[in-house]
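Given next, in structure tokens, is a single chain: the form predicted on its own.
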């Protein structure tokens, strides 16, 4: 599902839809997106859930909702979820310090980290994720506004029940956490991706994350001010990686989580860095 809202052009009027093939002078505002891999008999209930989400989102009420249903012909790759933990964090300043330490521990160069922070805290949120070289900080996505979309991912019913129980023990059994963990787990299962930084563009959601195979999925509270619409996602790839296969894996290869790794409560950054999962 992709939901958007047409920008106002003045006097309360919306821009007229452009002629097909022409560039719109006022591109629509992205409101929300969601997806999953589901059995056939769940489709109708999932579609209704996605529509409800699109018309009641904190970023605004969408006036254009696109639902795409696609049959998966390729056998999905089965993976485990990343281990999950929440970092002890008081404010944005500490959040940025935690981000720096986590990415540095994953061998991301300072230049790349600074460029990534500029993206996720910038005023213009991207529609997708930036694919950035971990050393030089060079962006490799062909379309910098679109970025790359992480797609074709889901979680098995037994794994979802197990994940819900794990998250419930820590008081964070929310759809937002579940979906973010599924996405981050697929991203980290790509061999050429070293780490991911994510700040939600939802103005009401102020917990972001850094995820990697090395440090797991680390939730970072107070990563931005409440009410801020800034946000973005940066995927750090190996300096010598070929971006083509990475795009192919992220956007088209079906992946399903069928095993749940341990979920922990709050820990300070030093304790988190001591947990080396590789």
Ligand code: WAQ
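On a predicted model such as this, the values are computed, not experimentally measured, just so you know. Positions refer to the first chain, counted from 1.
The same protein has a further form, the form predicted together with the named molecule, not shown here; the description that follows concerns it.
**Student:** Please check if residue 111 has a heavy atom lying within 4.5 Å of any heavy atom of the named molecule in the predicted bound form.
**Tutor:** Contact check for residue 111: no, nothing within 4.5 Å of the named molecule in the predicted bound form.
**Student:** Do residue 205 and the named molecule share at least one heavy atom pair within 4.5 Å in the predicted bound form?
**Tutor:** Residue 205: yes, in contact with the named molecule in the predicted bound form.
**Student:** Would you please decide whether residue 148 lies within 4.5 angstroms of the named molecule in the predicted bound form, comparing each non-hydrogen atom pair?
**Tutor:** Although the named molecule is absent here, residue 148 would touch it in the predicted bound form, with heavy atoms inside 4.5 Å.
**Student:** Considering non-hydrogen atoms and a 4.5 Å limit, does the named molecule approach residue 106 in the predicted bound form?
**Tutor:** Residue 106 lies outside the contact set for the named molecule.
**Student:** Counting any non-hydrogen atom inside 4.5 Å, which residue from 159, 89, 190, 177 sits next to the named molecule in the predicted bound form?
**Tutor:** None of the others qualify; the residue that does is 177.
**Student:** With the named molecule left out here, work out from 67-75, 92-100, 132-140, 191-199 which stretch has heavy atoms within 4.5 Å of it in the predicted bound form.
**Tutor:** Stretch with heavy atoms near the partner: 191-199.
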